[in-house]
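As structure tokens, one chain now follows by itself in the form predicted alone.
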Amino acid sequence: MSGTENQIADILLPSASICVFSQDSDTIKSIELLKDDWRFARVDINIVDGGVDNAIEQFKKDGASDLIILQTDDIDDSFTGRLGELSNYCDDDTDAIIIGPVNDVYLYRQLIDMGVSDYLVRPISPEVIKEVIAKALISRLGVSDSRLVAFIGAKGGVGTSSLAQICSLIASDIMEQKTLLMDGGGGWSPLSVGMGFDPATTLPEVSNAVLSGDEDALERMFHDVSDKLTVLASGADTMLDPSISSKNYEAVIDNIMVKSPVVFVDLSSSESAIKKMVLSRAHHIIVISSPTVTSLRFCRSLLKEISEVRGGDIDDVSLVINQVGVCKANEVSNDDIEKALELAPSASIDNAPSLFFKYESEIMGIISDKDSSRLVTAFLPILGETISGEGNYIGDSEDKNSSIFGGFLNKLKPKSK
């Protein structure tokens, strides 16, 4: 496979529906293997035991999918005629891949002229069908529906990095979303401590691998925390030297966005240019502040600047008030925060120093701690809306004598409308 073809096949494919019509066991087996491939995590594959007549019957009733894969043993005028009838029940941009019994250049040209994306001759290996499907889907849909979520604090010391890491664990372990967490802080990043890895690279090294197209080197720069959570293992940078440019950091994000459906970026220690770039293009921003006057004043200025870089829009900004209860007599209430900032807090997190200090160096353990259930409850609506557009995650009740995995996880469900 060429370098270009390998790059196409080595990205997370866009959300799409594929309907396969085949009666060949080997072809079906090759298609079935794709369901376990991470690249197809967002692709819905439906396999039907049948041919073109079954496709006509199904699409006449339900409408066509984004991509049709149709296998036939008979390539003649009657088949192409039936194929023309099938097109009556497809959208103009529906793609089709035909699998046939013979290698016929004239037939190939005829099918391409009819709008078929590709013609393959059986037997078809999983690698070939993966490549062909990837090309068809990317050509039709692009690779644009991954979600970029930015975490930024109104000031230092409000818990931005800890909450970003906790949210990545909630998204991956509870919401079961394939998630990648990265930090723009270079040598100031605390990510390696909380996620339990030794920094394997620097941001300039990551950028160089991306810009040179060295995917093998880039692959070694990630650390798998779990099956669904990966972190960019940066942090080996020198602390007092300048970081990479915002343009190069954006190139890193562009590379990662085609491989992971959910990308979290902790901006707490990033340089200003990187912050501004990520905030301008993030699908959602989580701003974290404490309920003190000083922090909220910074927060008001930050929200104004976020609005400016996003063209006056802060609809996709969630405000989280952390460390509530440190000094209640001197804290600003949520009602007053909303009036001052013209933005209601999406969540308020009680101060829990014993919980956070306990897991500072092993934050993966915080999710299974019984005292962390309020964190999950607070962030699930935000992340549900941010990641999937469904923000109504709730728990029926909370068992305070068990860990979150001891029952709370099973109680999470969408709120009935």
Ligand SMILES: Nc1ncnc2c1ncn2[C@@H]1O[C@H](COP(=O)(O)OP(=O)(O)OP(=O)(O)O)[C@@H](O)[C@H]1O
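All of these numbers come straight from a predicted model, not from anything done at the bench. The first residue of the sequence shown is number 1, and the count goes up from there.
Omitted here: the form predicted together with this ligand. The next part is about that form.
*Asks:* Go through 67, 70, 380, 352 and name the one with a heavy atom inside 4.5 Å of this ligand in the model of the complex.
*Replies:* If I apply the 4.5 Å criterion carefully, the residue I get is 352.
*Asks:* Here the chain is shown alone; which of 318, 260, 177, 323 has a heavy atom within 4.5 Å of this ligand in the model of the complex?
*Replies:* Among 318, 260, 177, 323, a heavy atom within 4.5 Å of this ligand in the model of the complex occurs only for 323.
*Asks:* Pick from 25 to 33, 41 to 49, 344 to 352, 55 to 63: which stretch has non-hydrogen atoms within 4.5 Å of this ligand in the model of the complex?
*Replies:* Stretch 344 to 352 is the one.
*Asks:* Considering non-hydrogen atoms and a 4.5 Å limit, does this ligand approach residue 81 in the model of the complex?
*Replies:* Output for residue 81 is no: heavy atoms all beyond 4.5 Å of this ligand.
*Asks:* Since only the chain is shown here, I'm wondering whether residue 202 would be in contact with this ligand in the model of the complex (any heavy atom pair within 4.5 Å).
*Replies:* Answer no; every heavy atom of residue 202 is more than 4.5 Å from this ligand in the model of the complex.
*Asks:* Any chance residue 157 has a heavy atom within 4.5 Å of this ligand in the model of the complex?
*Replies:* The answer is yes: residue 157 has a heavy atom within 4.5 Å of this ligand.
*Asks:* Taking the shortest heavy atom distance, is residue 94 within 4.5 Å of this ligand in the model of the complex?
*Replies:* The answer is no: residue 94 has no heavy atom within 4.5 Å of this ligand.
*Asks:* Could you run down 257 to 280 and flag each residue that has a heavy atom within 4.5 Å of this ligand in the model of the complex?
*Replies:* Residues within 4.5 Å: 268, 269.
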